[in-house]
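In C-alpha cells, the next block holds one chain alone, the form predicted on its own.
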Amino acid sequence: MTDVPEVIRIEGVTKRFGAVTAVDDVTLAIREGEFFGLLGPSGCGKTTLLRMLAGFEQPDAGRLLLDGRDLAGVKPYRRPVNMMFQSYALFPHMTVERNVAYGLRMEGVRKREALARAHEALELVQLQGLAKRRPAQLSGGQKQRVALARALVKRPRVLLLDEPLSALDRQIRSEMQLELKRIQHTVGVTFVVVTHDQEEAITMADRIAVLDRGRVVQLGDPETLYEAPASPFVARFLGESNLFSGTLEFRGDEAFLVDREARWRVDAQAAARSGIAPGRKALAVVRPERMAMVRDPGPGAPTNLVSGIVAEIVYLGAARKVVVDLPDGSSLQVRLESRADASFAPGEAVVVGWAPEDAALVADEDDGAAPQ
C-alpha cells in the first residue's frame, strides 16, 4: 500500500479560533482509495481539519493539497470533494430520488441523466425500491443511506464524513459500519471519516490518525494502534488497558519496570525498540484479553503476578469482563473468553498475571522527558 499515490497532503496546518488552537501543526498524507479515519475526543481538532479540507474553514498556516494542487482560495463548490454531515439535511418535500439528484440538477445536469445517476447511487446503497418515498417514510438507517447516495452521486474525488453514524442506534450503526466499508471498496473513492468512536474507526478505517489537543499523536493501521500504542493517551483512548508503571532497568539480557517493591519483567527487545532510556519512567500496557486470572498460580503461570479481589463481573455474551481490586486501591480489568471461567465470583481472592511479550511499553507522560 505504501506505493499507492497520495490524494491529500496536509503540510504543517494550523488553525486558531481566537486564543484556542484547534489544529496545531498537523502533517499527514491520505492515499488513493483509502478509508482514512480521524479519531479523537471532542475538541481534538478532527472536525476542524475536515472542514478545512472541505473549504468551510481556512488554515492560518500550512498547506492543503489535493492531487498536488494547493487548495488555498479554492471555494468549497469548486473542490472535487463532497461532505456528509451528522444531520442528513434531506429535503422533506422531495422524494428520495429527487433528493439524491438535487446536486446534479443544480450543476445543470439534465433531469433524465440526473435521475438515472440517482438510481445508480440508490442501487449502490441498496435503496432502489424506495426512490419514490419521502424522508418522513424512512427509518434512520435508510435516511443515512440516502444521504450517502446523494454524496456519492456527484462522483467526488474524496468523500468527507463527519460522525456519519452518530444518529443511529447501536445495532444499525454496527451494520452501517460494514456497509460503508463495502460501498467504499465498491466505488473506490477515498473516504475520510471523523469519529470519536474507537470501535467505529477500527472497523472501517485502513489507517487512523489519533488526535489530541490539535496534534496527531499516532498514525497507523488499526492493529498497530491497538497492539503498539505510542503513548498512554492512545492506549487509553483506543480500547481498555491495564497500565503498570515503573522505572526502566536493564539487567543483562532482561528488562524490568521497578516501582518501590513491585518489579515487572518486560520484553527486553521491545524495551530497546521503545527508545526509552534506562532510568526513565515507563508504562507497560496490557490489554484485558491478554491478562490471565487463576486462584492458585502453578507451573506455567505468567511471569508477572499480582493478587487481588474480584470486585465485579460483567456478562458480555461470548466473554466476561472481570474487575479485580488490588491492595493499593487500584483495579485491573480482565477479559475471560472461556465458559469454564464462569466459576469466579465477586469477593473471591484471585491472582492475575501477564507475560512480558503481551505488553506494549510506552514512556510515562509524567516523567517529564521524551523517549531518546
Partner chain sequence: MRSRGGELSLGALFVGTLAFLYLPIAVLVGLSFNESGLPTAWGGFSTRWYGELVRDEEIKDAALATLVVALGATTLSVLLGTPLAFGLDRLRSRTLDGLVFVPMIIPDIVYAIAFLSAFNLVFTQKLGQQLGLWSVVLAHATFGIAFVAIVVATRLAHFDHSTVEASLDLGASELRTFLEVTLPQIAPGVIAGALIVFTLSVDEFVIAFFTAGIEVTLPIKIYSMVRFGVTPVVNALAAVVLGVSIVLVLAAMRLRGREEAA
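Residue numbers count along the first chain shown, from 1. Here the rigid core means the biggest group of C-alpha atoms that line up within 1.5 Å when the two forms are laid on top of each other. All of these numbers come straight from a predicted model, not from anything done at the bench.
Omitted here: the form predicted together with the partner chain. The next part is about that form.
Only one of the listed residues (L248, A205, M83, M176) places a non-hydrogen atom within 4.5 angstroms of the partner chain in the predicted complex, and that residue is M83. Only one of K154, K281, R215, R265 lies close to the partner chain in the predicted complex, with a heavy atom inside 4.5 Å, and it is K154. Heavy atoms within 4.5 Å of the partner chain in the predicted complex belong, among the stretches 270-278, 238-246, 219-227, 96-104, to residues of 96-104. Among heavy atoms of S87, some come within 4.5 Å of the partner chain in the predicted complex. Residue contact check for G188: none of its heavy atoms lie within 4.5 Å of the partner chain in the predicted complex.
Interface residue remark: R145 is not counted as part of the site for the partner chain in the predicted complex, having no heavy atom within 4.5 Å. Although the partner is absent here, P92 lies within 4.5 Å of the partner chain in the predicted complex, judged by heavy atoms. Shown here without the partner chain, the chain has R51, A54, F56 in 26-63 lying with a heavy atom within 4.5 Å of that partner in the predicted complex. Relative to the superposed rigid core, the position of the CA of A136 differs between the shown form and the other one by 2 Å or more.
With a cut-off of 2 Å and the rigid core superposed, M94 has a Cα displacement that reaches or exceeds the cut-off between the shown form and the other one.
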